[in-house]
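One chain comes next, on its own, written out as structure tokens in the form predicted alone.
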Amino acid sequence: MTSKVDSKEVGLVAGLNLFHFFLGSRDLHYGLWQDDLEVCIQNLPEAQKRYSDFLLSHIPQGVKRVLDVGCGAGGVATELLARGYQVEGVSPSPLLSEAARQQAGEDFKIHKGRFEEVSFKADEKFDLVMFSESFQYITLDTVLEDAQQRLNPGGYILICDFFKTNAAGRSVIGGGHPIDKFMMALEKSGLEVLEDKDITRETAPNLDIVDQMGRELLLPTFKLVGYAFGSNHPWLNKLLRWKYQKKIRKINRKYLSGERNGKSFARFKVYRLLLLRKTENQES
């Protein structure tokens, strides 16, 4: 029996192809918008490069083997390989795995499946386990313990992702573990926190670009398609709008309402980079 194709997975690959065609970008992750970089879609590739450089600059000296959990389209893995690291990936997505292998090379080893479910050999250990915008998709109760099981003695965990804040209200921006629950899990893990940097201000502008795309590209396109379809198939158009009215309202609020922006992101999310290390007690 053939498994169903995840529509989100298709959407990510379609977005990747779109960005590559128009901007030359092969990354799916957020950009890092520093003060000297104007926030506009044309500068997204440069912002994404700055994000990758920022992320990789926090890899400690002595690290050789890296496990890139949720390697996406392989952009970060490609950069790691170019810098001489030995890199393997983890990906539950067949389409993204193919994109990653095309970008990073056929020799890039990808463990297929969710991080919680992938089996590793007993001697298959890494110096660093990295989560670049993939931490939020993994079960919080076990992720830190599972990551430590993949590490060599003295190994590191590098997390760069956003978390939910305690702000009142409802956000249209999904994703992220609650920051309070994460901090409790981190304290219980016994891991030593070597670095903890808040980059919310530098990443929030990505949502302003998403908002701009929604208002200036998606909304006019949907209106145009809706006008043409409604004119040519009025009864079918009414039927479909009635049948999928809840989904249409959800899409409108999520992508076209103007609520999906940098200000909202900075209120409901906090974006952190954390470098963690096992303590001697954990290794004994």
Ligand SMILES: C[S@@+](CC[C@H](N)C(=O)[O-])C[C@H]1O[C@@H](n2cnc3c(N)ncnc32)[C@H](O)[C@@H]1O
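Throughout, we count residues from 1 along the sequence that is shown. Nothing here was measured: the structure is a model prediction, and the numbers come from that model.
There is also a form predicted in complex with the ligand; it is not shown, and the following applies to it.
Contact flag, residue 116 vs the ligand in the model of the complex, heavy atom cut 4.5 Å: Residue 116: yes, in contact with the ligand in the model of the complex.
Non-hydrogen atom contact residue 137 with the ligand in the model of the complex at 4.5 angstroms: Yes, residue 137 is a contact residue.
4.5 Å heavy atom contact, residue 96 and the ligand in the model of the complex: So residue 96 counts as contacting the ligand.
Close approach of residue 69 to the ligand in the model of the complex, 4.5 Å, heavy atom: The answer is yes: residue 69 has a heavy atom within 4.5 Å of the ligand.
Stretch in contact, per heavy atom within 4.5 angstroms of the ligand in the model of the complex, of 125-133, 146-154, 181-189, 168-176: Checking each option against the 4.5 Å cut-off leaves 125-133.
The unique member of 37, 56, 28, 63 whose heavy atoms fall within 4.5 Å of the ligand in the model of the complex: Looking at 37, 56, 28, 63 one by one, just 28 meets the 4.5 Å heavy-atom criterion.
Candidate from 104, 159, 80, 90 lying within 4.5 Å of the ligand in the model of the complex - any heavy atom: Among 104, 159, 80, 90, a heavy atom within 4.5 Å of the ligand in the model of the complex occurs only for 90.
Stretch 147-176: residues contacting the ligand in the model of the complex, 4.5 Å heavy atom cut-off: Nothing in the stretch sits within 4.5 Å of the partner.
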